[in-house]
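Just one chain is shown here, as C-alpha cells, and it is the form predicted on its own.
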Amino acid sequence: MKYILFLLLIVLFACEQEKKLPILGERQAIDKEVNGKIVTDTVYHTVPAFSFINQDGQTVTDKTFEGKIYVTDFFFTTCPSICPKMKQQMLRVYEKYKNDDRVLILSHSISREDSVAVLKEYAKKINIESKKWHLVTGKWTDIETMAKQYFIGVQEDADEPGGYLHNGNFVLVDKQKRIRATCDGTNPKDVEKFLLDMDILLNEK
C-alpha cells in the first residue's frame, strides 16, 4: 500500500512539473526548410520593440525585459475608478516577487498629464522600487499602440471619469515576448489564479 501511494505521489509530482500555460493571441503556420526538408512551424504573436521613460527618467525598452517574465497593465495616477483597485492587486504581485530577479512589472500611464515627476511621486506613494516596477510614460499614440499589442483597449473620453477609458487587465509576458495569461486586475480571486499562472511559467523548462 505504501509503495502504491509512493508511485501515485511520483505521478502527481511529474504531472505538476509538466504544467504549461497556453500561448495567447493570433498564430500562423509557416513552411520552412530544415535539413533539406520542408516542415511546418507555428509563429505566435509577440510583443514588438518599444521605448518609454520611467519614473526615474530612464529609458525603458523591450531590452530591459530580456531574460525575464513580466506583468504589464495600463493606468493613470488620477484615475478615480478602477486604477486604485488595480494597483492594490498589482502590489500583491510586487510583494510576492520583489526579491525574484526573474520577474519585472511594467505599468503604462495613459494620461498626458502623468509626467516623469508625477510618476516618481506616485511610486513613492505606493512605496515601490523602480528596478522592479517601471511606471512609464511616452507619446500617447505609442502608448495606445502598445495597448493593442497586449489586447487592451485604451482611449481618451471626456465623458469618462478622469477623461480616459481602459480596462483593468493584467497581462503576463514570457521571455520570448509571448502573452501567456491575463486576468481582471480588479478581481482578487482572478489575481490569485494569475499568481499561480506566474509560478507555472517560472517553472516551465
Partner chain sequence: MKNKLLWGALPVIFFAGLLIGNIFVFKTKEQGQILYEQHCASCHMEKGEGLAQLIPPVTKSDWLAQNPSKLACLIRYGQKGEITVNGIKYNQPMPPNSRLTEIEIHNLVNYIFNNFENQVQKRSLDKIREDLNTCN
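Numbering follows the first chain given and starts at 1. Quick caveat: nothing in here was measured; it's all calculated off a predicted structure.
Keep in mind the form predicted together with the partner chain is missing from the figure; the text below concerns it.
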item: In the model of the complex, Tyr94 touching the partner chain (heavy atom, 4.5 Å); value: no
item: Ser111, heavy atom within 4.5 angstroms of the partner chain in the model of the complex; value: no
item: Partner contact for Lys85 in the model of the complex: the partner chain, 4.5 angstroms, heavy atom; value: yes
item: In the model of the complex, Ser81 touching the partner chain (heavy atom, 4.5 Å); value: yes
item: Full three-residue contact with the partner chain in the model of the complex, heavy atom 4.5 Å, for Thr77, Tyr122 and Ile126; value: yes
